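Next up: just one chain, as structure tokens, the form predicted on its own.
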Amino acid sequence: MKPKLSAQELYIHRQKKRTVQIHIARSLILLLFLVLWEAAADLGIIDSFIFSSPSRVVRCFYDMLRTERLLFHIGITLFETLASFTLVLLFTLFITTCLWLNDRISKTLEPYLVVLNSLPKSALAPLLIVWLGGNYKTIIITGMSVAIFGSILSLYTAFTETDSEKIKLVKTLGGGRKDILLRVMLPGNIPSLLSIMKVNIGLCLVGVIIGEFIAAKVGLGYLIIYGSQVFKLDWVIMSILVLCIIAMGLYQCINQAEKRYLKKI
């Protein structure tokens, strides 16, 4: 006779079962989509030249690995994305700290940050290319422009909403602004920063692709725009799917880091 599970063990068992069911459902949805896509292309329901098919995408991926330096293109896009993401993180921490330390500056700059955050970044990309030239540095800045303003606003809001009782405690113990920053603000807003990072990694990837559309001669964005111009639509769809995998992988890396941090606290 099996021992009776406690309420806590029963809850954990149900949660694990639910997680497995969700993963199975996700996998089945993806599998069903691929099967229907392949069947529709084989039966002529959709034009495989325009919409491609899973088998054509796999063949295209294999051929481009051998002949078109696909891994090099993927590596360039990854490098530009991670570089823009890292710079966004550093500038966000620095600028947000400056805004928090000086209330007058924050109130002065807030409307400009809101306007810049609302501005369509695809409109900025051509100007950046003209001003700075068509190189990887410009593409990295384009990736940064998509994420940085919203990131600063979000983190600054988190700073202003930090528990005031903790701040009073530090002041009572004789601490100054530096102590409040290092002992309350930064440690207390790490969860907020991780949440912002999860959004930013995708935004930086979008910005990099926008930059590659306009100016690059390498990268997945270049493959997409070139493939559409010469009607190599297998290239386009394959590159888009690779971008989806990259975006999902980068997001999961930050998500796992967040989970590990939350477990520690």
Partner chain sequence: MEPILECKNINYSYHSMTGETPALSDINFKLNKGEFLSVVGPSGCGKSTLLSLICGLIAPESGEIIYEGTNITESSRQRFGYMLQKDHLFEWRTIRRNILLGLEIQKKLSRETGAYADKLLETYGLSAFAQKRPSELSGGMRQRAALIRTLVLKPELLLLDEPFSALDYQTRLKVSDDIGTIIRQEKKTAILVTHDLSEAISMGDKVLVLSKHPGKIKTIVPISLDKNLSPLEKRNCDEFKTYFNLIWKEFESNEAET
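Everything quoted here is computed from the prediction, not taken from an experiment. Positions refer to the first chain, counted from 1.
Note that the form predicted together with its partner chain isn't included here; everything after this is about it.
Within this chain, residue 163 lines the site of its partner chain in the model of the complex, having a heavy atom no more than 4.5 Å away. Under a 4.5 angstroms non-hydrogen atom cutoff, its partner chain in the model of the complex lacks residue 116 among its neighbouring residues. Proximity of residue 120 to its partner chain in the model of the complex: non-hydrogen atoms within 4.5 Å are absent; the residue sits far from the partner. Residue contact with its partner chain in the model of the complex: residue 150 places no heavy atom within 4.5 Å of it.
Just one of 132, 169, 90, 101 comes within 4.5 Å of its partner chain in the model of the complex, counting any heavy atom, and that one is 169. Look at 138-146, 102-110, 77-85, 175-183: in the model of the complex, residues with non-hydrogen atoms within 4.5 angstroms of its partner chain sit in 175-183.
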